[in-house]
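Next up: just one chain, as structure tokens, the form predicted alone.
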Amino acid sequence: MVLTAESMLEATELACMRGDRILFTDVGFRLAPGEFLHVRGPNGSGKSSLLRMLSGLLLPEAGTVTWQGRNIKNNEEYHRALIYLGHLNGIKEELSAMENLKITCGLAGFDVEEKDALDAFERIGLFGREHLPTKVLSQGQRRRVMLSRLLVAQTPLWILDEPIVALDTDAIGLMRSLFELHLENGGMLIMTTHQELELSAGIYKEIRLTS
């Protein structure tokens, strides 16, 4: 997908409730190509809920989310433009890393060639394990299976919930380089992380939620 200056994500006066408790209100921002939005806040402040709203998986109690001026609800163009990775691995443990990658990419609307998948697994440190059932992999390796989608993605907007948790130093370095390259190419990144991750590319923005 080709990004233009009009490729803009905008949230306006978002509110979220969990049961009878208000997690946040009046949250808003605008995100353009080459910009990184860091969502911060303590546990329970609604960070994951906000990311799910921005991905169209959770309806806000109030407010709107638009992509290029159109509401993201039932907006197929928007859903083709994003990758959302939650804080859970979201993989099927009985399937191999290769099968998980091909299925998740297919559900996102694009196919991945086996050569590209193998290249991605080699880069992310899973080479030789791509055909093992993911249930025999370590927690960090399962996380890498999920993150391998980013190595073959062709989507401009990445929404990532704690993407570098359970990764070792080398894998974190790889993901940092990948995030920077995505931003340099005009991609957009929204992320939560409890770990410090300074990026040398893109325009940094921040939202801080309170409990």
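For clarity, every value in this text was computed on a predicted model and none was experimentally measured. Residue numbers run from 1 along the displayed sequence.
Below: the form predicted together with another copy of the chain, not depicted.
Proximity of Arg123 to another copy of the chain in the predicted complex falls outside the 4.5 Å heavy atom cutoff. Using a 4.5 angstroms threshold between heavy atoms, His182 stays clear of another copy of the chain in the predicted complex. Within 4.5 Å of any heavy atom of another copy of the chain in the predicted complex lies no heavy atom of Ser200.
The closest non-hydrogen atom of Asn71 lies beyond 4.5 Å of another copy of the chain in the predicted complex. The three marked residues, Pro42, Arg129 and Glu162, each reach another copy of the chain in the predicted complex, with a heavy atom inside 4.5 Å. Residues Ser138, Gln139, Gly140, Gln141, Arg144 are the ones in 133 to 153 with at least one heavy atom within 4.5 Å of another copy of the chain in the predicted complex, listed in sequence order.
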